[in-house]
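Okay, here we've got a single chain as C-alpha cells, the form predicted alone, with questions on binding and movement later.
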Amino acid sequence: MYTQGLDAQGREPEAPAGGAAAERFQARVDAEEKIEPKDWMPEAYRQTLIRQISQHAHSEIVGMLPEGNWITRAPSLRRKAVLMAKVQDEGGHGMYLYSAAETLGIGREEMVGQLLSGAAKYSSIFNYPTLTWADVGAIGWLVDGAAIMNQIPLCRCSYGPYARAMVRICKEESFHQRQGFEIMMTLARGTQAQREMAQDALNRWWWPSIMMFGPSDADSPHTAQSMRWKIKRFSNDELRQKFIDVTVPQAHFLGLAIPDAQLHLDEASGHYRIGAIDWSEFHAVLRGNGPCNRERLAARRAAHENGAWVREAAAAHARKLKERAAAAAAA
C-alpha cells in the first residue's frame, strides 16, 4: 500500500559526492535503465531503497490487522470471503517486498527485528481503529486508493526488483480499492443508519488518508534526491493533489460529504483545494502516540512469538535436506 510518506522517516544517507562511477550510475538512471542487484550503486541509493522497501513491507504486514479482525464479523459469507482474500493479498505483498529488499543485502530477520523493536516505521494510517464495518469500506476506498496513487509510479522505479514487485501489487490494490468503494456504495444506498455509518467512517478516515502522502514538499528535504534517482516520480504534494481530485467526485457520487468546510473547486486550476492539514496529529502518530500504535506492535510481536515453532521446524527440515544431499554426494 503505503510508501510515499515513508521517505520522511529517519535520517537519509548523504547523496554521493561524485566520481566517475556515480556519474555513470546517474547516466543509466537518466536513460531509464533498470538498476539490478549486482550492479554498482551509490551506498546512499542502496540505503534509501532498503529503508523505503522494508518500511513498505512492514506497512503491508501491519496493514493486515485493522481489517483482519472484521473477517469473522463481516455481514455475509461473500463479504467474509472477499475480505479474507484481501488480507491474504496484503501478507503476500509484504513477502514480495521483503524479498526485494533482501536483494540489497539486508536479511529478513534484521528487517523484522527492526519492526518488532519499534526502530523501523510503517505507515501511520494503520494506527487508527476500525470501529464499524463501514471502516473496512473506507480503508479500501480511501487508504487503498491513496496507495494506488503512490504505487503506480513505483512500477517505474529505477531499481528493478522493486519496480517488478509493484506491478502485481498494484493490480491487487486496484481490486482492493474497488471492493472498498462497493462497500461504501452499498451502505450509502442503504438505510438511514447505514448512510450515517458510511459518513462517520469517511469523517474519521479522510484526513489520515490525506496525510498518508507524507509531509508537504517544503518539509520533505530528501524528495529532490529520490526523484533524481527516479525512486520517486512525483512529490508528496503532487500525489496528494491527484488523490484529492479523483476522490472528491467519488464522494459526491456516493452522496457523502467530505469533512472539510474549506474544500472547494478552484475554477482557474481545475483542482480541488482543501483546508489546513493538522500535521501535529501526523507527527504524534509517528512518534507512537496514535490510537493503536501499541496495540499494532503488540499484535505483531505476539504473532512472531507464536510462529517461532514454524520457523524452527522449517529450519530443521532444510538442514535435513542439506545433510541428505551432502551424504548422497559423498556416497
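Note that residue numbering follows the sequence shown and begins at 1. Quick caveat, the model's predicted, so the values are computed rather than measured.
One more form of this protein, predicted in complex with a small molecule, exists but is not displayed; see below.
The closest non-hydrogen atom of Gly214 lies within 4.5 Å of the small molecule in the predicted bound form. In the predicted bound form, the small molecule lies within 4.5 Å of some heavy atom of Val143. The closest non-hydrogen atom of Trp229 lies beyond 4.5 Å of the small molecule in the predicted bound form.
Heavy atoms of Leu286 reach within 4.5 Å of the small molecule in the predicted bound form, making it an interface residue. From the list 101-109, 186-194, 115-123, 256-264, the contact stretch for the small molecule in the predicted bound form under a 4.5 Å heavy atom rule is 115-123. Exactly one listed residue, out of His222, Lys242, Arg204, Arg79, brings a non-hydrogen atom to within 4.5 Å of the small molecule in the predicted bound form: His222.
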